[in-house]
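One protein chain, two forms: both are listed below as C-alpha cells, the first as structure 1 and the second as structure 2.
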Structure 1
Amino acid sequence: MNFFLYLKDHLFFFLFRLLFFVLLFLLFFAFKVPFDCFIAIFILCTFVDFFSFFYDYFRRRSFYKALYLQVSKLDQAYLVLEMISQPEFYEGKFLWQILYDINKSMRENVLGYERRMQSYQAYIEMWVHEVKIPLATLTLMVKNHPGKFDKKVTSELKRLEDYVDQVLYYARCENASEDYLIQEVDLAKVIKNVGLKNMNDLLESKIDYLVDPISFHVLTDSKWLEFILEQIINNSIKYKRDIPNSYIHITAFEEENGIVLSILDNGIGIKASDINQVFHKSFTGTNGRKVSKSTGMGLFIAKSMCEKLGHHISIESKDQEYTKVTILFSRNQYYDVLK
C-alpha cells in the first residue's frame, strides 16, 4: 500500500480541514478572540488529525499487505480468506465479507460444475460399455464367418473399437478421475498384449513388430499403459512408409533417472515444423492432412495420461526416415522402502 497514493486519496480531507481553519481564523478575528487561542486549537487539531491519519493508514496497510502477499503466494488464490484474519476497521470488514460471499458463490458453482462433469463422465462410460457389446458381437460374427466378410470389415471394426476406447480414456483423463492403480507391472507383458491386439493391422500393413528381450518391471497402471502404447503403435501403423522393410522396434533400458521405453519406427516421420506441436490437442499437422484417419487426439491423450501416472513422454523424428517415442518411468524410492 503506497503512502503517497493514500495521501493523495485523502487530499480532499486536508483541503477541507484547511478551509475549516481559515473560516475558524476569520471567526476568531471577528469576535476578537486572542490569536494564541487560535494557534493552540490549530496545533491540537492538527496533531489529532495526523495521529488519526497515520493510525488509519498503518492498520489498513497491514491488512492489505497481508492480503496481497497471501494472494501472490497461493496457487489457488480463492483460498486467501483461509489465510488471513478479519480486519478490525469497518471498510476492511466490508471487503472481507464481500470476498467471503464471492468465494462462497464460486465454490457452489464449482461444486455444481463438478457434479455435472461427474454425471457426464458416468454417462460417457456407460455409453462406451453399451457400445462395446454390439461391437464385440460384430467382431465375433466376423471371426466365426471369415469367408462372408471382407478383411476391410475387420479393420474398420478394430478402428471403431479404438475410437470408442479413446473416448473412454479421454473422458477419464480430462476429468482427473482416479481410475488407475499404481503397481509393479511387467513391461514385456504389456508390450506383448499391445502387439497381439494390433496383430491384424500389423500383418495387413506388413510391419515387423520387433521387441528386444525386456525384463524390467515399472510402477504404472497396466491398463492405462497399454492404451498409451496402443496410441503410439497405431500412429506408427497409420504413418508407415511404402517400403518393403517397415518395422516397429521396441526396446527398454535402465538409466540413472529410471527405466526408459523406446518405440522406434521407420515410417514417414514428422516434419521439423510440426514436432513441437504433436502433443497438442487435435493437432494433425502435415501428415494428418494426408491421412483421413487422423484425429490429432491420440498423442494428446497419451501425454495427458503419462502426466497423470508420473511418466515423461517425448518424441523425436526426421522427415521420411523415422519417429522415436520414449517414455521414462521414474524411480520411486518411497515404494522401494515400503517393499
Structure 2
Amino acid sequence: MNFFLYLKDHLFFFLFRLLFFVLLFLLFFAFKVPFDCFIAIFILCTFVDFFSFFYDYFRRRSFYKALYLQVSKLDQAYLVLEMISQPEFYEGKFLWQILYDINKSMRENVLGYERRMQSYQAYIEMWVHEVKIPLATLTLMVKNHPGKFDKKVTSELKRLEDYVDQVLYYARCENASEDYLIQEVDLAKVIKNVGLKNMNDLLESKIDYLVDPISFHVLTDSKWLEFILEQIINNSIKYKRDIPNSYIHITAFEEENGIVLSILDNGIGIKASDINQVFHKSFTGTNGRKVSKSTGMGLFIAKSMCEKLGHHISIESKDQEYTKVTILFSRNQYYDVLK
C-alpha cells in the first residue's frame, strides 16, 4: 500500500474540502470575520484531516500488507485466511467475510473432486484385482493344457498383466494415497524377482541378464521397486539392437550420497534430442515411433514413483550404443540413528 496512491484515491474528499474552504472564506468575508480566524480554522482542519487520514491509512495498511505478503509467500495462496487475523475496520471485515465464503466454496468444490478421485481410484484398484483372477486362471490353463500357441499366449498374457499393473500403479502414484510401505529391502532379491517374472521375455529375445553379486539393503517398498525395475527392463527388451550379444547388466555400488543401482543395456539407445524428455508423460520420441507398443507411460510412472519413495532416477545414453538408468537410494541419517 502506498500512502500517496491512497491519498489520490481520496481525491474527491480533497476537492470537497477545497470547495468547503472557498465557501467558508466567502462566508467569513461576508460576515466580516477577521482573516486570522479563517487561517486558524484552516490549519486546524488540515491538521485534523491529515491525522485522521494517517490513522485510517495505517489501520488498513497493516491488514492489507499482511494479506498481500502471505498471498505471495504461501505456496497454497488459498490458505491465507488461516494466516491473518480478522481486521478491526468495517471494510476489512466485509472483505474478510467475502474471502471466507469464496474459500469455503472452493474447498467444497475441491473436496468433491477429491472424493470423486478417491472413489475412482478405489474402483480402479477393485477392477485390477478382479481382472487378475481371470488372468490367473488363463495362465494356469495354458500351463495345464499344453497346445500349439503356449509361448505366444503366455507372452500376450504377460503383456496384458503388465498393462494392468501400469494402470494400478498410475492410479496409485497420481493420487495422494500412501499405498506403500518403506522397509529395509534386499536389492538382490528384488532383482531376482524381476528377472524371474521376465525370464521368458528375456530368453525369447536372447538378452543375457547379467547381475553382479549385490549385497546392499535399501529403504524402499519392494513391490514398487519391482514395478519400477520392470519398466526399465521392459524398455531394454523393447528397444534391443539386432546384435548377437545383447545384454542387460545390473550392478550396485555405494556412493557418498547413498546406494546406486545401475541398469545398463546395449540396446538402440536414445537420441540426444530425446533424452531430456523420456520421463515426460506420453513421450514416445524417435524410438517410440519405431515400436508400435510404446505408450510413453512406463518411465513417467517410474519417475513419479521414485519421487514419492524419495529415490533419484536418472538416465544416460548414447545412440546405437547403450542406455544406462541409475537409481540413487539416498542415505537416511534419521533411520541410521534410530537403528
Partner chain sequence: MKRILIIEDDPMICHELKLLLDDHGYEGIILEDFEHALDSILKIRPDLILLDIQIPYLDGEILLQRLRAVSNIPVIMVTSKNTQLDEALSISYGADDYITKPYVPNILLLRIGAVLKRMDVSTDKIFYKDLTFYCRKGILANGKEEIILTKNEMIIFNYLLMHPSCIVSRDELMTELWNNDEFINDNALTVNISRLRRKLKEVGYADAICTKKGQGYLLL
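What you see is a predicted model; the values in this text were computed from it and never measured. We call the rigid core whatever largest set of C-alpha positions still superposes within 1.5 Å between the two forms. Numbers follow structure 1, counted from its first residue as 1.
Of the two forms shown, structure 1 is the one predicted on its own. With the core held fixed, F25 shows a CA shift of 2 Å or greater between the two structures.
Residue displacement note: K206 has its CA displaced by under 2 Å between the two structures (rigid core superposed). Once both forms are fitted on their core, a CA shift of 2 Å or more is seen for H145 between the two structures.
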